[in-house]
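There is one chain below, alone, in structure tokens, taken in the form predicted alone.
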């Protein structure tokens, strides 16, 4: 069977390598063509995993150019294996999934004298462990998740209930009092699921309070800022936007209603999204839709900047039922991508000039294509995804994995392959092209790291 699968995947790769160098995204993609693309994604995921296994096994990330490894902290927390596990399972890469799971249960420990970033550890490790547990039923994964959750709880011990940014996994000491809405408000999906699976409400209650306290501090016109002091609850930066540092706060307002049926989350979403659409949305050049930056108190435009992280917004708008706006914004994202053949980290959309040229292998624009295809069934989003994927492979594939780019204007590679490549980028490409039966979309909610978590009793009906 191994030889048969390898031969089949090689044939798929060869077939796609003979496709036109840059298929236009307005061309149609048939179901048969999409199935071939899904197998190609699977083959590329396996290629990247094999590079990780050969050169970075037991470490957090592969360094694909130097064939080395990178750890986030003094001790590896197995970021790539944990982030990859549910993707490997979803794709049917059973051998790879088994070796990832056995590495995790044999080697992963949180009993280290390390200060870790609560947000990143929550979305990647806690979310990854919980999703993999729900997929496999392996109690060892739930035990690891519960141990991690207990060690993270001290971050919530501020007077406001807003979490500190870092916690020592062994001592529980905290630090980092200046945070942002993404880090204070992107915790309830993971902590709430941990409560649901363990029967201990403390995780849900702490994370829910943090989300509510963030929402309560929105301005009179309904916007949140870019930085907040968790001890005083005062904003330290009034810049408002949908990019990194704020993005997933809005995502979790809506998704926590879907996942848990929490009506208060839905109300917070309903109160928040009109202000986002009024003050941050920006129409330029004959009706192109972008989302820029504005002062949270006045709504005055402060910057015309949009980028790879902002490109999650069409997915969220589609999930929330605003398909016309979602489609228009995705077209702008596609224009950003086509400017240099791959998206930059950020762009001034008023001048269409790159302001930060790096490409970190981010998934958000693919995520949005997937959501729009799911909700509309329009094959143009698969065609758009094919264009993204072909460019992505052409510019980022290396002999032993995938490399980020230092600048999309030069396509110079960077020696970096973060774990979200497995958790998100490959997963969303695969789901965009695979049969809808590959995942019960209505039965799960993705956390912001694309770890699917099951909707249970009380979950909202759409």
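Residue numbers count along the first chain shown, from 1. As the structure is a prediction and not an experimental result, all values here were calculated from the model.
What comes next is about the form predicted together with a small molecule, which does not appear here.
Although the partner is absent here, residue 420 sits close enough that one of its heavy atoms falls within 4.5 Å of the small molecule in the predicted complex.
The small molecule is not shown here, but in the predicted complex it comes within 4.5 Å of a heavy atom of residue 123. Not displayed here, the small molecule is kept clear of residue 61 by more than 4.5 Å at the level of heavy atoms in the predicted complex. In the predicted complex, none of the heavy atoms of residue 387 sits within 4.5 Å of a heavy atom of the small molecule. Distance criterion of 4.5 Å from any heavy atom to the small molecule in the predicted complex singles out 363 from the list 363, 344, 327, 320. When the small molecule is considered in the predicted complex, only one residue from 368, 240, 179, 248 comes within 4.5 Å through any heavy atom, namely 248. Checking 333-341, 100-108, 123-131, 377-385 against the small molecule in the predicted complex, the stretch whose residues place heavy atoms within 4.5 Å of it is 123-131.
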